[in-house]
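Okay, here we've got a single chain as structure tokens, the form predicted on its own, with questions on binding and movement later.
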Amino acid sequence: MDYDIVICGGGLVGRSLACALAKLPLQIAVVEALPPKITHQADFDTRSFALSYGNALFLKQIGVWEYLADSAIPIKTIHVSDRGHSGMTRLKASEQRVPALGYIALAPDLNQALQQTLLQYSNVTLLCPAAVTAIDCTPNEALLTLQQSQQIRTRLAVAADGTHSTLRQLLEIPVKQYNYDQTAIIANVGLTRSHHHVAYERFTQDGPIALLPLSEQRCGLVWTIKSEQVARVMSLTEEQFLTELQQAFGYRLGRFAKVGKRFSYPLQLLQAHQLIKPRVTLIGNAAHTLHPIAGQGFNLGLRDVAALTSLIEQALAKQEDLGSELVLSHYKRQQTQDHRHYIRFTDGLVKTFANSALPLGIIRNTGLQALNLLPKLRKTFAHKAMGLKG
């Protein structure tokens, strides 16, 4: 056997899995199609990722957080509101007795942290640039064919290669897709005053506006709009864009002073019909792609990593075959429930807050007011946002 585990996809979720498994007595390969990325210094337009508090604890457990702790921006408060209604609520880290409800990590810092962690281990091999062109699974192994007809054998292949997963397609695993007819406009926004480590989620009729705290009086913007508006919004001048954003969001962050480069991403819900096949399992966006509302997409991928790592540790302790149907069925059962839970949560938020019907607006308003007034209900909602049980 060439490797115990082959991770197909060397993005953030794939490398997180490699970091989590590297401490175990396993030979691991990471197959990545794109050439190695050079980590650039952060600039105004640098992309960022939201990390739940629970996933920050997991990254600390696997040794990644020590390289990220100094640069990650803590979220001390989450402010939730519904445009056109008075209902709002605030979730506070101090009330939940945690140092932060979550963190914002810049892409270069997150990439560097994963790279630094992997450099400690000699049992992880990076095959890059390389792509899987075929897979043949037997009861005892998975045989993967790479470009130039190179073949590698493994006890377990993990598809971590994203929404358009090549491995998932080679295995002919169907997916369920739902088009939200919404597009996310991603950019960084400069502020005229401090954000005080507050993350904002403001629901509008067209979709949610999220503003996430970054360094140097900046926020990361995720502005969800109807897809029919994308061409117009993307063509606006900086001044016009900031004016429309200000009108949609309001002045809770003062005046917006600057917007960086804008990117647009059509939004959909994608869910694989199968999480496992003989000797193969799916994690991250290869298994599920969510609406960015509440920032659960990347976090759910890390939950997959944590669950699979735990099950592999248990299999090794019991001297079980880590790629067996017995082990993979545990992952399927556990994560199917977790995926269903978070898909229902995010999809429900999208459809509830995008509906302009008066009765639903009253219900939303009442719900946000209840969250603000009832500490137990607020704690339950906060724990969901933090990726914690209970």
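Start at 1 and count along the sequence shown; that's the residue number. Everything numeric here is computed off the predicted structure, so don't read it as measured data.
Below: the form predicted together with a small molecule, not depicted.
Contact annotation for S48: at least one heavy atom lies within 4.5 Å of the small molecule in the predicted bound form. Among heavy atoms of L57, none comes within 4.5 Å of the small molecule in the predicted bound form. Although the partner is absent here, L12 lies within 4.5 Å of the small molecule in the predicted bound form, judged by heavy atoms. Heavy atoms of F298 reach within 4.5 Å of the small molecule in the predicted bound form, making it an interface residue.
The chain is drawn here without the small molecule; in the predicted bound form, the stretch among 67 to 75, 181 to 189, 194 to 202, 234 to 242 whose residues come within 4.5 Å of it by any heavy atom is 181 to 189. A heavy atom within 4.5 Å of the small molecule in the predicted bound form is found for exactly one of V327, A29, A33, I62: A33.
Checking L126, A130, L118, I225 against the small molecule in the predicted bound form, a heavy atom within 4.5 Å turns up for just one residue: A130. The candidate spot formed by T166, Y265 and P292 lies fully in contact with the small molecule in the predicted bound form, as each residue has a heavy atom within 4.5 Å of it.
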